[in-house]
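Quick setup: one chain, the form predicted alone, written in structure tokens, and binding and motion questions come after.
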Amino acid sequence: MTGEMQGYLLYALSLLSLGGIYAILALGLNLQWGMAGLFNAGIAGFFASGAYTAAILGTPPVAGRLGGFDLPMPVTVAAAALFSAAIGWAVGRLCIRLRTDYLAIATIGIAEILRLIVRNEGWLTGGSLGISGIVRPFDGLGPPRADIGYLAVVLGCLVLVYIFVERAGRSPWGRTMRAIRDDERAAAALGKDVDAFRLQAFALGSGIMGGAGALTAYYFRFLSPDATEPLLTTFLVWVMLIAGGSGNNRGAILGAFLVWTLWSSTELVTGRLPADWAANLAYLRVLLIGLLLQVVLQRFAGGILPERARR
């Protein structure tokens, strides 16, 4: 294989790997918003908690920083999901009774608190220096085999999460969640504990987001506060879900791959521009994503794959 062909292959593998991670994030958000109507605007905080949990548990000892557990990836990813779910449960206990707009404001504030902890508590997260030495599975095989192996891991996790949220949506629990989303007073009148069901959905969605953060930490082999920017871990995920189809798990996956492909392709274009132009036109990427969302919503009011009525 020539160097150019290998470069294209590695780019395609990177695109699919990160697209799969974003699809997991979109499924977690769909569980909260599409199924339960919970407006979580603090995805970055739960993503960061999962990513740093996996990085701390999965790296060798480092002087001056908590860590050194050097646990295998399956253990760290599971721990990251559980820790983020626990944070989601704690946040939900405080905020779950708030209306949609107030819940969004509260989750933004909590996410920023978590990001400030990540940036400033060097003994825990490495601060601005981040955490390095994260060993990815199959690294010993070398490129592109290592990248193919990790793509298989990401897609395997995506399939497991999809099966979980799809079965949850078809279960009596999922039907109750949609009833609460559509008319919580009617659901409460039928004897459903609205706050308890919402808390469960918020914690489960947060756990899925934390698992996606753990996969991201292993993908980059390095974790810094820049990886938890709200533009990449909150704004893009919402666009993916709305464009793909809120309430439809397949739509969430489609939207994730579509929007991430567009986002990455615009980076290739702006990266070849002169330095002065590239600095000014970097905001063009956000504009293009906004235009895509407008076009999709004008043509497909419920997204490309809208939620289907269930019998």
Partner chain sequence: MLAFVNFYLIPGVIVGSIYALGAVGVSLIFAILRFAHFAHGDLMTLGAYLALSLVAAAGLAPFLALPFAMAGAIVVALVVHRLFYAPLANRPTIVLLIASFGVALMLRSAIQLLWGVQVETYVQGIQRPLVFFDDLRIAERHIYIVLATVVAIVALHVFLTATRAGKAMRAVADQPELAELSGIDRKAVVRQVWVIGGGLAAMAGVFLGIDGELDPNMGWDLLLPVFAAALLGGIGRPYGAIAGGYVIGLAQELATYPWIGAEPLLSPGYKSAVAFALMVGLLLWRPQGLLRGREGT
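Between two forms, the rigid core is defined as the largest C-alpha subset superposing within 1.5 Å. Positions refer to the first chain, counted from 1. Since we're looking at a predicted model, the values are computed, not measured.
Just so it is clear, the following notes concern the form predicted in complex with the partner chain, a form of the same protein that is not shown.
So, in the predicted complex, is Val286 in contact with the partner chain at a 4.5 angstroms heavy atom limit? Flag for Val286 set to yes.
Contact flag, Arg185 vs the partner chain in the predicted complex, heavy atom cut 4.5 Å: Although the partner chain is absent here, Arg185 would stay clear of it in the predicted complex, with no heavy atoms inside 4.5 Å.
Classify Leu262 as contacting or not contacting the partner chain in the predicted complex by the rule of any non-hydrogen atom within 4.5 angstroms, answering yes or no. No, no contact at 4.5 Å.
Would you check, heavy atoms only and a 4.5 Å threshold, whether Thr234 touches the partner chain in the predicted complex? Although the partner chain is absent here, Thr234 would touch it in the predicted complex, with heavy atoms inside 4.5 Å.
Taking 4.5 angstroms as the heavy atom distance cut-off, pick the stretch from 35 to 43, 48 to 56, 247 to 255, 63 to 71 that is near the partner chain in the predicted complex. Of the stretches listed, the one contacting the partner is 35 to 43.
State the residue from Leu190, Ala196, Val75, Leu94 whose non-hydrogen atoms include one within 4.5 Å of the partner chain in the predicted complex. Selected residue: Leu94.
Just to confirm, with a 4.5 Å cut-off on non-hydrogen atoms, which of Ala168, Ala86, Ala146, Leu98 contacts the partner chain in the predicted complex? Answer to the contact question: Leu98.
Is it true that Leu10, Leu16 and Ala79, all three, sit within 4.5 Å of the partner chain in the predicted complex, judged by heavy atoms? Judged in the predicted complex, none of Leu10, Leu16 and Ala79 sits within 4.5 Å of the partner chain.
Rigid core superposed, CA of Leu291 - does it shift 2 Å or more between this form and the one not shown? Indeed, Leu291 is displaced by 2 Å or more.
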